[in-house]
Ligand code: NDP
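The chain below stands alone and is given as structure tokens, in the form predicted on its own.
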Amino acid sequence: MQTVGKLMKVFVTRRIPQEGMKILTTAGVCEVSLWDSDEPVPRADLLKGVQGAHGILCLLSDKIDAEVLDAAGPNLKVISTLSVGFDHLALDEIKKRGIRVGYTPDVLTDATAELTVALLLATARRLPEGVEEVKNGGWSSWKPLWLCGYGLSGSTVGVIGLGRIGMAIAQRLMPFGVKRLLYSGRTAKANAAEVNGEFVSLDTLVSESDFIVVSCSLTPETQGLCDKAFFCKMKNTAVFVNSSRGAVVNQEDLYEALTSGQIAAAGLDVTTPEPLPTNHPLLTLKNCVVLPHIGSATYSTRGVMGALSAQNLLGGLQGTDMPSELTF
């Protein structure tokens, strides 16, 4: 056990699952300073909190840029993010300073894939609308075409980005009787054969799919990828689902596509900004289901994410292996 004077300073930007905090507080190598709230740390408090820190454990909502790195100072060895995404980190600046980065891929794959399938089904079969009709008295006698939606059986599904999560989504959709599974991305994937995936151009995927699922990462190439031109190529009976990053979609163009009947429906677990203002036009639409970014929200998944982010942080502090280090 090191003496208190030698403990390394760690700043944790939010209350994280207890599994993670326990690892940090019992390790005996760091002094933990926590922004003790379920709400994001204000910028001024973040800049103050990281001063002199050897390690930062952050969330997607914390923009870790040159200003934060400068505020932390030369002691900073490691940044551990409780997320699979890292577009909130200024990687060029971080690399320049030789700071290691940990993240939490893989552990949230199953939970996010399950949620995406749930969102697709809820959107396609109009579940939120149905629940509302039961509550508001709209449910009267049986009507042949009332609340009809779209089924997966015999359909063509397009997955944009057949990475870990995209593949897990495809695996879960196949037992529903999907006829064709199309996917697009930078390269063909060897494991796509497991889901009979066909590697096609984005144009082909968009025009031929009955369901389009976006599960790519946010990059300069994918920013605003789903725009007016994209939606205009979709079938007007097609359902669009995004559980990747909000910025992949141009929301004004999506609103127009949904209101004009260009596409049938959309389900979003991610938006820009997050949270989406309650007066946002998309929230007025019956054919748009918006969830509050709960892709990985199972108790077990969040616990594992908390533990992994803590282990990554400790590895970076001690100059040892990190279970999940970002190489960049």
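Each residue number is its position in the shown sequence, starting from 1. Computed from a predicted structure; not experimentally measured.
Below: the form predicted together with the named molecule, not depicted.
**Student:** Does this chain block the named molecule or leave room for it once its pose in the model of the complex is superposed onto the site C-alphas (blocked: 3 or more ligand atoms within 2.4 Å of backbone or C-beta; open: none)?
**Tutor:** Judged by the transferred pose of the named molecule in the model of the complex, this form is open (no ligand atom within 2.4 Å of backbone or C-beta).
**Student:** Taking any heavy atom pair closer than or equal to 4.5 Å as contact, tell me whether R245 reaches the named molecule in the model of the complex.
**Tutor:** R245 belongs to the contact set for the named molecule.
**Student:** Under a 4.5 Å heavy atom criterion, is E252 part of the interface with the named molecule in the model of the complex?
**Tutor:** E252 lies outside the contact set for the named molecule.
**Student:** Is V213 a contact residue for the named molecule in the model of the complex, using a 4.5 Å heavy atom cut-off?
**Tutor:** V213: no, not in contact with the named molecule in the model of the complex.
**Student:** At the 4.5 Å heavy atom threshold, is K179 in contact with the named molecule in the model of the complex?
**Tutor:** Residue-level check for K179: no, no contact with the named molecule.
**Student:** Which residue among R164, R172, R97, K228 has a heavy atom within 4.5 angstroms of the named molecule in the model of the complex?
**Tutor:** The option sitting close enough to the partner is R164.
**Student:** Heavy atoms within 4.5 Å of the named molecule in the model of the complex: which stretch among 129-137, 232-240, 145-153, 78-86?
**Tutor:** It is 78-86 that comes within 4.5 Å of the partner.
**Student:** Thinking of I160, T187 and D269 as the candidate spot, does the named molecule come within 4.5 Å of a heavy atom on all of them in the model of the complex?
**Tutor:** Yes, the whole candidate spot contacts the named molecule.
**Student:** Since the partner is left out here, which residues of 36-68 would have a heavy atom within 4.5 Å of the named molecule in the model of the complex?
**Tutor:** Result: empty, none.
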